[in-house]
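Okay, so here's just one chain, in structure tokens, the form predicted alone.
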Amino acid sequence: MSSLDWIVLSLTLIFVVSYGIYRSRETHTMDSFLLAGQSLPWYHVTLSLMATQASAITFLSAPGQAYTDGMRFVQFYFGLPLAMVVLCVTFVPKFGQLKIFTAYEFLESRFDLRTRGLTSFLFLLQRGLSTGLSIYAPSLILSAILGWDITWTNIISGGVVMLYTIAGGSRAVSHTHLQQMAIITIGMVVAGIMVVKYLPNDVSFTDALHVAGKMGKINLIDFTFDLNSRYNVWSGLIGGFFLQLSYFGTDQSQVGRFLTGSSQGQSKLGLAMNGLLKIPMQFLILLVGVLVFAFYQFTNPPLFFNKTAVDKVRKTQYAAQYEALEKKHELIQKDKHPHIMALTEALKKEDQTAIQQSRVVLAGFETKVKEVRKEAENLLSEANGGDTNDVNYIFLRFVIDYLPAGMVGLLIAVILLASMGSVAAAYNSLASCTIVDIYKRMIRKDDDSKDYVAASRWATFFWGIFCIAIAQYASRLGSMIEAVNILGSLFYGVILGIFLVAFYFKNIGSRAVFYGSILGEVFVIISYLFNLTAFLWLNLIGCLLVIIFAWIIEYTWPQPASRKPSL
């Protein structure tokens, strides 16, 4: 990176972090540290919800996902607006009525402490693991750019966020989210404009989209009902609905965001706007990835996008073999280029026969490219060891190779800010759950508010260390945006099932839901390990299994009336 890039990057990060800490300067109580005093307007709630969900994984991995697999990933979010409606009608009024700090406090009043503890544990496990992935994403950037050891970049990335979260609590998190989303939006729009600018002079924005579409990348909608297909309308509307309902309604990293609203109305409006804005936002991020794919149809792409891995193999005895593969790849791209131009001209003339002929020829070239890339991946694996999935590096490599000085720094800042937003909210939620559901409820019940604030800071520090440790293993998981959603799907369905039983099945008691949720979680994990269905459906399966098992247990092994909680 140039000196200008470093200046832009540094000033952007310093401004956002300083602003957040400045706006949160006060003597903290437990309420202000964990929930920002429940004083924020709806637009703060909306942007904070979006910033928490839109981690660095979103901006780093999603364009690469679109480059390799097209835009069908957007269907993942189709259930989100429906989930926001259910949350506004059911969850927000109930949580607001109880004046709670965490979502899991409600479960003790409905069931018992054991059920509250189990659900808190499932959340802490899932959120701690997924936050490790969010820390790894910006570490990937710094490691690729500077050649730093990934261990130290994980420590730095996670540590900086930990410091300002400890200092300012939830208010600092919310105020930094506001600035982060503004800078992120500007950065991604500029990135899309720059990709179009670098296209050949005789290739327009619409030409690029048409070429990408004919090569199978604008596959937005798939109505095929297939349980083994990860992304289609039905998995998005049904499986995605249950995932989003559980994520926003039972995951403390999101519940803690909408509980900061100054009233139930502000919280509901914040959730509703999140439901309206998230799909267009994700569409535009994926569109950037498709444009990068179109750009590389007219410009030779790297054989392998992870430059650090390539530099390592060049220093081994496999260097000559890799160089030979690069030349082979370059020749394929050279032969492919005239057919890309022929497809572009055919599209302009709407010559369907020529379009179809070009598509067939280009499909053959794509097969050859995949074969050479497979050889390169095998060689890299043999030379360097470890994972050879470079989907997370595609957008990053384009940014570094082609964007002008200053723009590289801004786009790196966008990805780092996205990570900081999601990681800070996760740290805050992990601390909230640890202190409210475990420390305050089970260990130290009678401390004053200042002691709980101090304990919250220590809890933030502990979870920061834990998540940084998890980040060391994230490189083995392939596409990070898929990995983090798979991880959520292993737990969210079961957690949602517990809450739905609490809301709608008043005759089911605590013992039934406790054992039903354990059985449901076991079945979900088995389904994933044996690859019985696409991961989005695990949310629906987990939710239904908890309800079914709890109902069966309740009516075959009834809880003594004297031990049932009052409803």
Partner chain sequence: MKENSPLNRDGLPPFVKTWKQMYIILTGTLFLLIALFYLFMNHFQ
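Residue numbers count along the first chain shown, from 1. Small disclaimer: the values here were computed from a predicted structure and weren't measured.
Separately, the form predicted in complex with the partner chain exists; it is not shown, and the next lines address it.
Interface membership of residue 283, defined by any non-hydrogen atom within 4.5 Å of the partner chain in the predicted complex, is confirmed. Contact check for residue 266: a non-hydrogen atom falls within 4.5 Å of the partner chain in the predicted complex. At a distance threshold of 4.5 angstroms between non-hydrogen atoms, residue 409 is out of contact with the partner chain in the predicted complex. For residue 259, a non-hydrogen atom is located within 4.5 Å of the partner chain in the predicted complex, even though that partner is not displayed. In plain terms, the part of the chain that comes close to the partner chain in the predicted complex, with a heavy atom within 4.5 Å, is 71 to 79 out of 71 to 79, 360 to 368, 242 to 250, 400 to 408.
With the partner removed from view, the residue among 159, 200, 128, 96 that has a non-hydrogen atom within 4.5 Å of the partner chain in the predicted complex turns out to be 96. Screening 89, 186, 324, 331 for any heavy atom within 4.5 Å of the partner chain in the predicted complex leaves a single hit, 89. Along 199 to 221, these residues reach a heavy atom to within 4.5 Å of the partner chain in the predicted complex: 206, 209, 210, 213, 214, 216, 218, 219, 220, 221.
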